[in-house]
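Consider the single chain below, provided in structure tokens and representing the form predicted on its own.
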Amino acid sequence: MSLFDKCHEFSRWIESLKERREFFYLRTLDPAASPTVTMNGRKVIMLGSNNYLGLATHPKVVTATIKAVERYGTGACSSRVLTGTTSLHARLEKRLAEFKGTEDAVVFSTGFMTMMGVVSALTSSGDVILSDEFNHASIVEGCRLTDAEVRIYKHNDMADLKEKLAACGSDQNMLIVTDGVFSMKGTVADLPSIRKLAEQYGATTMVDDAHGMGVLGKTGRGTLEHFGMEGEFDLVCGTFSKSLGTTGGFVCADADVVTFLKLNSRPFIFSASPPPASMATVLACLDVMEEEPQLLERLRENTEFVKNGLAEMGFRLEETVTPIIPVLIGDDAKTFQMAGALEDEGVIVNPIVPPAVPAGSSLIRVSVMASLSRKELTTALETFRLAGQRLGII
């Protein structure tokens, strides 16, 4: 017996998936967040990136990032609590708090660390966490690390959430945690109902708005703006790795809560500080979002163009108001075949199969960007049509 036996077995399994053309992961794409990328020496259209507003390659953002590297170097080389906090980190935290309408904010090194670190730091034995069954893995990991009781409620099912809240003891602290936009199907959490139930039962509320920020709301401030509820959730979290062009994460909350997290959340305390240049990237992204509202409008126009085009061809789509467009296939093998056919003809998408979605609901996940041209989208739609007809999907 060897500790690595499972690794060898796993590698053999991966090789079998590759032979069956069922492995679409760890692809090398340059540059990964552009409308067209290079893969295996050829240009392909990117319909799988979360760079929704196209800011990762926006000239103003790129220039700000380069200038920050020249001034601050490539990294802070310390944890935030020791010598890894620069003026850029402090500026960004203040800006994010203003952007989300809270007293304060704290920036983590990754979005995953943010959700994991907030949930695990704030809850303890005797508390109850109520988590949507489709919440992101970072929230799930936070739930695993805490001694609190975790109760999973059915996806966006307010009756089930209410039942589970009612079953909690009157002396228990309760935290309701949900994604704002669920990444696999693009569905939006019922935040108004969650807030109403939280008030009724005295629960704390937390939303991970990773896929909502830069996408939803009149000015792209996220899911809470979408519902006209800014300032009405206790904890507003997110990541920089979608619309904000880099890596990192944040939580906006009352000042006392932020101070507690900075000195009690282990992922924050014991991780290296995110590079100052990443903070400059996000600051520039926020500037561009405010200065160029046409980017959000273009994102929505592109999204509608793709949704309408796919629907007119006969593809089955999940209902969504986000740039995440789930094309329902159902059969796992056919989902991989569709992804392979699209890739062969120059379009990158993400095939999603169980356990990421329930059995029998495999799908092609299309992600739309504002930076995609109408010509690129038209070409991609025609590729969908030909592949879908050849495979008998439409």
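Predicted, not measured: the structure shown is a model, and the values here were computed from it. Note that residue numbering begins at 1 and tracks the sequence as displayed.
Another form exists, predicted together with a small molecule; not displayed. Remarks below refer to it.
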- Task: Work out which of the listed stretches, 92-100, 190-198, 159-167, 134-142, brings a heavy atom within 4.5 angstroms of the small molecule in the predicted bound form.
- Result: 134-142
- 4.5 Å heavy atom contact, residue 146 and the small molecule in the predicted bound form: no
- Query: Is residue 243 a contact residue for the small molecule in the predicted bound form, using a 4.5 Å heavy atom cut-off?
  - Reply: no
- Counting only non-hydrogen atoms and a 4.5 angstroms cut-off, does residue 112 reach the small molecule in the predicted bound form? yes
- With heavy atoms only and a cut-off of 4.5 Å, decide whether residue 183 touches the small molecule in the predicted bound form. yes
- 177, 118, 253, 210: which sits within 4.5 Å of the small molecule in the predicted bound form by any heavy atom? 210
- Item | Contact residue in the predicted bound form, from 276, 267, 248, 220 (heavy atom within 4.5 Å of the small molecule) | 248
